[in-house]
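Shown here is one chain on its own, the form predicted on its own, set out as structure tokens.
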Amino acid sequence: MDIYDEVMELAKRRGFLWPSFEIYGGTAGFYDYGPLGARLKRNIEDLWRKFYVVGEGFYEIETPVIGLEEIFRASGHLSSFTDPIVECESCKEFFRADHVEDRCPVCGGEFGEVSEFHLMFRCFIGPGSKRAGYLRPETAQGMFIDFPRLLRFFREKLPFGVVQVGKAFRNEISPRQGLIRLREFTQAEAEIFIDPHDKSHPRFDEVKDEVLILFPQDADEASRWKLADAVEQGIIANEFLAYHIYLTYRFLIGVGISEDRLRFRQHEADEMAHYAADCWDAEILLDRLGWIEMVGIADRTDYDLKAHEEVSKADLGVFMPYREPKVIERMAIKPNMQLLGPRFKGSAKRIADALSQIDAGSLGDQEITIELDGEAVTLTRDMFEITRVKEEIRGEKINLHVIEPSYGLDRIFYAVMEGAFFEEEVEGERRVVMRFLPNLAPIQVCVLPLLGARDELLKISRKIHDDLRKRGLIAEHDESGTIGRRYRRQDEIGTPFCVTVDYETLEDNTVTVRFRDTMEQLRVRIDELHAWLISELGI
């Protein structure tokens, strides 16, 4: 078995991952997170929140996983969220047309015609089928829809960011590769709303000299770039995007991804979204699968807010005052109310308002025809005059731009598992260790009494275990099997520390603490154990 098979076998056997719907035969694209997997995944999510909610000061919101059809018409998903599909004429299996050669990889049969397959799961809201909805293909749209309320919440102070961690759904044609391509998956996304006229970042000076491995779209290979140089030379579009590329780097290193297996690849011209000013993927090198996208970091410009504004007819703009007011000259229409009043009576003011919306610079001496309550109203030249006016402009209404880091947490989960997998031979036996970073490990400490121990030892070990749990640590108590077998069991699930209660404990109130990675041991006093573990775990 290669590392992928080793990791997935261990994940299933030790309670990290299980195929969903197993007793009914299962179906591709779905996984259950078992007791250890769910804990590890939550630890990854919590670390992500420390970066974005605590570190960056962004607020987290939660929106429904079902969206109205109009939402996805505005976002473009209804018209363009498709993949090319082919069906084997022999075995009737479906495949993505761009992922297969001329013949079926299952039976060698021939394919039929290529068609487009829509990737969203459709549903209906309420009785009957009057109101169509879709399971969301990304968490982002909920944050865009909440923009007017978010703008008020942040008191219109820019920039501001919101985050969301939650499920998204894509009806993949033939999902394979385990957690890399799922039909139900977890995203962690941030939407940072910024002034389009100022994409400098207030903390860019703190990171500008950092060096990352970048793979620009016109380069033959990846190379090391200082962030300041990448921005100055136009490789990365702006400081704000560069800062969030670096923040992504710090997070991925923070979950244990090796730096030599991490790079940032810029989207090629033909894959760059039409609305994006720039987009980079954080890619991790996996043993079997090669370079796999884990995070997308994009400057989405004002596309999303403009699109929802157009469809919803809601005002999603922001008034941006100028530093100094601008004085402009323009041609304006001045209604002659002495003629309009007697002629149109109660409608005169509405007609005057309509005249003020017309571009006076394009008018000559002709009459003006406007529509009022569905009828055409003609205004003769004596009913208005065109004048030159000076006007003080204090600002303008614009749509904000959006910087979006979008994390695929299931893929990152697998990358963490593969990166942590380690095996060696110890005294003629195979030893498998999951070397999770201590703060991510699903079980933080395991308390082990010696086998055949007197009742006093068992009583002490259970008390230590209960005390550690009451004080907030995720602790196990294992009294089954030889001490060596119990150590191996904890190594295999990634427990960083084992605490052994032995006969010396009765003499001096100390326990043996064993380090997972080195198997080294030291004695620690029981009354100092909790503080020692907190320090070593980095929590």
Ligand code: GAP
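One rule holds for the numbers: they count along the sequence shown, beginning at 1. Definition used throughout: the rigid core is the maximal C-alpha set that superposes within 1.5 Å between two forms. From a predicted model like this one, the values you see are computed outputs, not experimental measurements.
Missing here is the form predicted together with the named molecule; even so, the following discussion is about that form.
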Which of F111, F215, F160, Y275 has a heavy atom within 4.5 Å of the named molecule in the model of the complex? Y275
Just to confirm, with a 4.5 Å cut-off on non-hydrogen atoms, which of H201, R411, H244, H401 contacts the named molecule in the model of the complex? R411
With the partner absent here, would E172, I180 and Q187 each sit within 4.5 Å of the named molecule in the model of the complex, counting heavy atoms only? yes
Could you tell me if P438 has a non-hydrogen atom within 4.5 Å of the named molecule in the model of the complex? no
Although the partner isn't part of this model, could you tell me whether S406 comes within 4.5 Å of the named molecule in the model of the complex, counting any heavy atom of the residue? yes
Decide whether E93 counts as a contact residue for the named molecule in the model of the complex under a heavy atom distance cut-off of 4.5 Å. no
Even though the partner isn't displayed, in the model of the complex is D205 close enough to the named molecule, meaning a heavy atom within 4.5 Å? no
Proximity to the named molecule in the model of the complex (heavy atom, within 4.5 Å), stretch among 443-451, 341-349, 375-383, 293-301: 293-301
Any residue of 125-143 with a heavy atom within 4.5 Å of the named molecule in the model of the complex counts; write them all down in order. E138, A140
After core superposition, I'd like to know whether Y275 moves between the shown form and the other one (criterion: C-alpha shift of 2 angstroms or more). yes
